[in-house]
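Shown here is one chain on its own, the form predicted alone, set out as structure tokens.
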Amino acid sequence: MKRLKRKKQNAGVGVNGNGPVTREPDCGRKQKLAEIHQALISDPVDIETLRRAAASRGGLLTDELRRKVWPKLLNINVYDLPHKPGRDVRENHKDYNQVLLDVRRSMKRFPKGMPATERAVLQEQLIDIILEVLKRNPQLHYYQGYHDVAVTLLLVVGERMAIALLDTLSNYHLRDFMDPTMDSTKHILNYLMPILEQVDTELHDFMMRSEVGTIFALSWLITWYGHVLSEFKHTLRLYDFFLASHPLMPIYLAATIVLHREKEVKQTECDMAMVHHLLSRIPQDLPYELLIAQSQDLFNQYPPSLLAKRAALQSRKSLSISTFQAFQLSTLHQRPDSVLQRLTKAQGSTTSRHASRHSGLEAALPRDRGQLWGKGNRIVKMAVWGLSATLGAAVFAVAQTAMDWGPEVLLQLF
């Protein structure tokens, strides 16, 4: 516990691996922007620099950069995005009714002041995004809270790129939450108490006596905190961090938040209901940069491999954890967007010429050739639109209470 207390004395500044960090000056921001730009145009793309930038103080700084960096962190070619879903994606889909209900209840996740008609369009897109990813991956099972992840992606990158990002996240970072039962989710939650025990045995023992368990952190984990934070800028900062980190980083952040509230917890009556009530409501004024840095420190000091040696964590294999190393390696050989754009144009041009030669009308019908090129180039135009369009970051209200998850979800945890 001494280590944590020393960090709390520096609560006015962020802490990273290089020592104290105060508010980032303009020169630091400009340097970070330059480093991100250089990493993006390197061939291959400098993924390690992008990961450090996303995790370090301030994250990726702007939505414009997120639209460029998030796809690289997930090994997505922005010039080969999925098509917009057709109306048939909703036909006979077993999860349609539940997705519809969850999206209809997500109005507070959209920017304040957004016209109702615009929000309605985005909600329809959100339904289609979720159903499209599920249709592409029949092995995945929808869970309540999945839409909180999807809406965050939609608001930043638009519909087509959101499909690509959500598809990858669902098969890697979120994979354990998408099993037919909650067993894998409980397995991830089970890492929380061992982390607390390593840092503060007194706090750990108090929580064990209260029998509070870890259910209070469920919505934090499965929505990447999108369901419980009232300011969109804080949600985006955490998404920068999580996209650049190990799939278990959200549970390390949960432990850091509990440790940060140590005094509050210990002053609460040692009763399950009282402790759960306290912890299930995240304060909206948390020092996020400090907590992010401390989460990284905890991960380095007590990695999952160390915690998994405990008997309670050996009984189940996590797909998110077991596939993460291979996923990270797959991101290291990406071409910069300028190269991908050139290759896409060349491919479109080749396709157009081939189609014209095949018809034997290339010379006779130049107008058709232009139309064929237009079809190939439309891919590029849509991808560029996906990079440049933005809805902007805005404040959204405190999310719904734990009962929004539905009793059927909570019952699966016991």
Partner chain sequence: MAESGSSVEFSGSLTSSTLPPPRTRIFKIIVIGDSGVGKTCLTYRFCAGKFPEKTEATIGVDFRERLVEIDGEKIKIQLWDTAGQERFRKSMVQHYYRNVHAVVFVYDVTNAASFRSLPAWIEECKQHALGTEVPRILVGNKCDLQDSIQVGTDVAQQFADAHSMPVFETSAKNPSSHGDGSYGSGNSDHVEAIFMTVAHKLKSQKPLVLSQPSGGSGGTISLSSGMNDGGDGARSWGCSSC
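Numbering follows the first chain given and starts at 1. The model shown is predicted, which means the values in this text are computed figures rather than measured ones.
One more form of this protein exists, namely the form predicted in complex with its partner chain; it is left out here, but the text below deals with it.
None of the heavy atoms of residue 116 is located within 4.5 Å of its partner chain in the model of the complex. Taking the partner from elsewhere, residue 102 is found to have a heavy atom lying within 4.5 Å of its partner chain in the model of the complex.
The closest heavy atom approach of residue 158 to its partner chain in the model of the complex falls outside 4.5 Å. Contact between residue 189 and its partner chain in the model of the complex is found at the 4.5 Å heavy atom cutoff. Heavy atoms within 4.5 Å of its partner chain in the model of the complex map, among the stretches 80-88, 165-173, 289-297, 141-149, onto 141-149 alone.
Checking 183, 205, 264, 124 against its partner chain in the model of the complex, a heavy atom within 4.5 Å turns up for just one residue: 183. With the partner omitted from this view, the residue of 131, 249, 178, 244 that lies near its partner chain in the model of the complex is 178 [heavy atom within 4.5 Å].
Contact with its partner chain in the model of the complex holds for none of 69, 72 and 153, as no heavy atom of theirs lies within 4.5 Å.
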